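Presented below, as structure tokens, is a lone chain in the form predicted alone.
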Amino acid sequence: MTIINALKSFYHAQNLPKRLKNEIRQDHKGLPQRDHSLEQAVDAAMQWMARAQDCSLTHDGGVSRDFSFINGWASSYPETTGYIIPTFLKYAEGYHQDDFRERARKMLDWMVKIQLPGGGFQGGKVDSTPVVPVTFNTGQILIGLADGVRHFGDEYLPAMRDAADWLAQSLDEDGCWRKHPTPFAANGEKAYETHVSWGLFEAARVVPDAGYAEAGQKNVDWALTKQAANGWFADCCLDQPDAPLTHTLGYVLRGILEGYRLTKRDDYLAAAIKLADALLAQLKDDGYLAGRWYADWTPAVDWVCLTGSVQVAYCWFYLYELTGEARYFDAGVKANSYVRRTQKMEGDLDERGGIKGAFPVDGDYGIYQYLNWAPKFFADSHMKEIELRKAQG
């Protein structure tokens, strides 16, 4: 860091709100020793997301993108609201929380309302510009629409089919989506759009003979050409392809695993294991997993991408179910525990139960924010851990 940049950073830090300065100071003391039960963690995360829905600046049924220590609550974020829907429905069913079923329905109704002509969905927050259809965001919302059809019937089927058709038809011949990139990330191919393929796989479960599964597989096949022998993926980040986030590695991993779940293709499982094992080898005993990685698996940063950690934890749990190998279960438990210890169970309602973008909070992912997708993946991975522990007796 140059002297000028150091001075700029110092000046910036001095002008932060006192509440945020205290948070940074506390985080840099190290991971809190506090912990709580898996069930308490899930309940708190779900309540935070419900509050994020209620506190959205646009009050439209969507979920606020984040709560910022600097700017407060944001407007609704279509992309992540889309895949929050299945989490709300799972929680409603498994934890007897009927109000979350109705909350999910409000999200679905909003999704239908904002769908663009042709079937795609916009990138960014709902009040962001330009409003153009984006591949990745459409794929994430498709996950929610497919679950909406399963839970509520054909009311959401036209929107689901329009989104799935738009994605399948916009796929390039080699399996990469290039025509409709987001204006809110760096240009270039994105291997992590296997998470878009997951949306097509979910649509294929609803409408098996529409070619959705084949389109999704075509993209996963393309993505696997980006995998190195050591498991790392090229072109797998929002903005730094030479040092992908654990978050986007979690995306590509989950998409490949969902491809395996649908097709039972051995090459998909082998590729997923290669990446999952590489990440497992980097996991520390306390559950620490760095937030970015260079191609030789050297950590690129010294902060944790909390979202990415619980995304990967879920995938480890799924691999445990597939293989019976305890190392995957143990790794998921460690990663969950690390992130859970950052979760507050008391204090300000805007923070209670939420999950920060990074730990410490000044890490360069969702900096100074509680992100709405962080507790979504947190709740998913913790509900999965609860299920596995019950199955173990």
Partner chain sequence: MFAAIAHPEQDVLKSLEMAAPTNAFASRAYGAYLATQNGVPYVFEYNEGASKISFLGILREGRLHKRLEIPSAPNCAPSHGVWEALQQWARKEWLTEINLLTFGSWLSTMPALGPLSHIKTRREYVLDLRPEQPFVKMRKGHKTNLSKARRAGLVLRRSASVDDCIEHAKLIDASMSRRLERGEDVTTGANMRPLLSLLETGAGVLFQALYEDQVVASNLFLLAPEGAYNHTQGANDLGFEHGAAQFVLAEAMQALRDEGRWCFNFGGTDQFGSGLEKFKTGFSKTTEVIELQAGTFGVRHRYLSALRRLIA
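Keep in mind that what you see is a predicted model, and the values were worked out from it rather than measured. Positions refer to the first chain, counted from 1.
Another form exists, predicted together with the partner chain; not displayed. Remarks below refer to it.
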Legend entry - Residue contact check: K264 to the partner chain in the predicted complex, 4.5 Å heavy atom: no
Inset, instruction - Give a yes or no for G72: in the predicted complex, does one of its heavy atoms lie within 4.5 Å of a heavy atom belonging to the partner chain? - result: no
Inset, instruction - Find out whether any non-hydrogen atom of T129 is located within 4.5 angstroms of the partner chain in the predicted complex, and reply yes or no. - result: yes
Inset, instruction - Tell me, yes or no, whether L116 is in contact with the partner chain in the predicted complex, where a contact means a heavy atom of each within 4.5 Å. - result: yes
Inset, instruction - Heavy atoms, 4.5 Å, the partner chain in the predicted complex: which of 131-139, 280-288, 305-313, 192-200 makes the cut? Say which one. - result: 131-139
Inset, instruction - Answer with one of P183, P299, P158, G211: the residue that has a non-hydrogen atom within 4.5 Å of the partner chain in the predicted complex. - result: P183
